[in-house]
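Next up is one chain by itself, shown in structure tokens, the form predicted on its own.
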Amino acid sequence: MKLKKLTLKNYRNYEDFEYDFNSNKTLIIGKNAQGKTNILEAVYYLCALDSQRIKKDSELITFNKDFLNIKADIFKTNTDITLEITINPPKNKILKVNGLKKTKSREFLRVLKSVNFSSSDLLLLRGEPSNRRKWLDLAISQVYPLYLDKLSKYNKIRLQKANYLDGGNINNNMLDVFNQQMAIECANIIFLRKKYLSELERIAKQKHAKMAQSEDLSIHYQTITDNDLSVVELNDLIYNKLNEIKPDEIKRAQCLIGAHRDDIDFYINQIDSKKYASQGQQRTIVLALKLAELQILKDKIKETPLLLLDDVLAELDSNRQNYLLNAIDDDIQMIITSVDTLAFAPEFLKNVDIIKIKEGKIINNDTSSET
């Protein structure tokens, strides 16, 4: 899988951007706040139809513009494919594959795959549970495109139920309908999260052990049960628990349990890394998670996904930098951002396309390592 060309119109600080990716390694150079990250975000948005940096799509549109357009030429399984997204609020976004509109997002999401690793991911362990849930949900959606549909349905039902609880005058039969629907979608989400995290833990343990041989990494998913249950069993369990806490939910006018309240714990030698791990240990964990995420995606889709590295090397020490760059297979296309080339060994910079970005524009591009 290869990204051949990216075109942006009214995306963040890019009114017009076009670039042909001619190398498997592309390095985007520029000072802070010039738009380097926006390029990677646009590529990732083509893969996940979401970004960890936004709450709503309209935030992506250039200030004082009415719409945005993202277009990419992809080469996949010996076939040229064109992806295109248009966002024009308040209309629904338009998704096209080879010029044909797609009404279902999963048809679009099956095309381009990538793993995004940014400096903000290094704060994953210290952030809020919502940050970890969003990271997990985006990672799963890359492997199981249907997952986003289930997540969207769940969130709609949850919000409808929350609004109903907040309105007072509760009818038990109506609340039971919400609980039945919520239990079904919640069970599917929890099942897929557990399945994904189990595989992620297995691979991340191996990656982590190579960087920290005396430390054992384990992952615990905080949810309604620790038991490995089928979707049907989870559905019954969640529905029963929703019935048990019905009086409390009515009293507090809130949805008190569900996938929207789950969290992920990471342990080093059975010690909670969110509380007690050093900064270096936490960064090693996140690095292992990202490499595991990349491996899962490559194994599942039987192709090489893109790897997007956003200013992450400057945040890693030389040992972790070297481990990351050496752990990436040569056939994986990398797009990397950095303020300069100082973090890269001369050997790595061979055959690297270098783009310089200033104020949302390419000021030059060449294959030299001069900045």
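Since we're looking at a predicted model, the values are computed, not measured. Position 1 is the first residue in the sequence shown; the rest follow in order.
Just so it is clear, the following notes concern the form predicted in complex with a small molecule, a form of the same protein that is not shown.
- Checking Thr26, Ser51, Thr37, Thr304 against the small molecule in the predicted bound form, a heavy atom within 4.5 Å turns up for just one residue: Thr37.
- None of Asp330, Asp66, Glu59, Asp317 but one reaches within 4.5 angstroms of the small molecule in the predicted bound form through a heavy atom, and that residue is Glu59.
- Using a 4.5 angstroms limit between non-hydrogen atoms, Arg12 touches the small molecule in the predicted bound form.
- Although the partner is absent here, Ala33 sits close enough that one of its heavy atoms falls within 4.5 Å of the small molecule in the predicted bound form.
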